[in-house]
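One chain comes next, on its own, written out as structure tokens in the form predicted alone.
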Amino acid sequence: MPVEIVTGNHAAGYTLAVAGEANRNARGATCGIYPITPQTEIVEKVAAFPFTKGRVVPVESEHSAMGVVIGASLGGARAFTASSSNGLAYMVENIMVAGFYRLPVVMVAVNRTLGPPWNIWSDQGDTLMLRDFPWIQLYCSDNQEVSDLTLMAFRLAEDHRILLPVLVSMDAFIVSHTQQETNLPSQELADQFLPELDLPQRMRHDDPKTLGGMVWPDTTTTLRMEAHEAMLRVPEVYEECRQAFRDVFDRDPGAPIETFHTDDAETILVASATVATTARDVVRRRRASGEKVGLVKMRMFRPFPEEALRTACASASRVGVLDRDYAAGLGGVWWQDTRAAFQGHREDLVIQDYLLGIGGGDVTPETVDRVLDDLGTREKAGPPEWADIRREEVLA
């Protein structure tokens, strides 16, 4: 596999395309596309790919893009798309449908601030608003993870023990438009890694069925329970896919969480995507000066890796959650799930939320230093802190 210098969007579009082409001897591939900044380059890359058996369908809206994906997946095709921000919001009805139909579609999302006011910079609020749907969610910190986790997403989604859609997310511009050295999968290796899609519930002309009809409450409850059970199987199946990835590509796509100096850490930061990259450099520097600080990088948000997070934070007395998102009246979404993970397990643990990079603001080493300075003095958690806003400057 040659190393290429590409943007995150290029890595995503190329990988979606070769994954689709890997299904050419089965039911082929379909991509429903609609452009939105800063995702547009992804679907442009897919549209230029010479599929052997595949269609790229340009449509009039994001809602229709996911509609195309749903129809194609129900026909047994390997189906995928990409979107961002208010495009995801417009698509949300069909995002829900894809999840409850248990369709193994893959969507790459470029995290961008929801408007209004209109803002094209990075903020995870767009994908995190989908947290209650039966979608697996993975978060990338660099271009290599974008490619690797996108390929992993297909194998994970299509496993018959899972059959759930997967969302792969990256930060707007910081990853999507930044070039990095990236190992892109050859078609030969993608073919080797991805089995042909065999969707058990696909629609067949010789065996007609009704889809999405009216049901009684007990049927709905049963289907929700089955989706929940599939989510619970994700960590085990993810590890199997991870091992298969290592066998084929001779590199590790990464665990659901990655730890950095957590074995004896008294203070631990929990972060995702590119915020975790910045935090890691700060932790490394402060470690060198003798501070017992550590970092947990979260690659997986859904299902939330509660047990792995509890294990990683076993030595800590304080945990700071770095949230590049905001849920009105609550604070950070990652913080909410982190607190829930420790409920009933570590009542002595201080878990403090820090809101930073909201609306795409820069998350600098100085920002993370201020977080660690504040966290190190805390005896108890308080309300979420707006870590990159100096209130006196705003009021002035």
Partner chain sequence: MIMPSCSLLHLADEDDDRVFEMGDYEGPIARWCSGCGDHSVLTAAQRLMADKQLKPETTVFVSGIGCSSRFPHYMNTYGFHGIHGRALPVATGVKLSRPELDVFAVMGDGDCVSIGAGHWIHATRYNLDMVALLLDNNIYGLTKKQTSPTTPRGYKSNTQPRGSYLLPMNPLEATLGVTNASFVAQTAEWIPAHLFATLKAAYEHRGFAFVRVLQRCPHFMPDLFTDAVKTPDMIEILDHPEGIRAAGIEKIYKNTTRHDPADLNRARELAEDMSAIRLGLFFRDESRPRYEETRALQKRTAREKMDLLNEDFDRYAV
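Just so you know, these numbers come straight off a predicted model, no measurement behind them. Positions refer to the first chain, counted from 1.
We do not show the form predicted in complex with the partner chain, though everything after this point is about it.
Not one of Ala308, Cys313 and Val350 comes within 4.5 Å of the partner chain in the predicted bound form, counting any heavy atom.
Taking non-hydrogen atoms only, Thr364 never approaches the partner chain to within 4.5 angstroms in the predicted bound form.
With a 4.5 Å cutoff on heavy atoms, Tyr354 does not count as touching the partner chain in the predicted bound form; it lies far away. Contact annotation: Gly344 falls outside 4.5 Å of the partner chain in the predicted bound form, judged by heavy atom distances. Contact check for Ala48: a non-hydrogen atom falls within 4.5 Å of the partner chain in the predicted bound form. Interface residue among Pro117, Gly290, Pro200, Pro208, judged by heavy atoms within 4.5 Å of the partner chain in the predicted bound form: Pro117.
Stretch-level contact check against the partner chain in the predicted bound form with heavy atoms at 4.5 Å: of 66-74, 331-339, 27-35, 365-373, the positive one is 27-35. With contact defined as any non-hydrogen atom lying within 4.5 angstroms of the partner chain in the predicted bound form, Tyr90 is the only contacting residue in 85-114.
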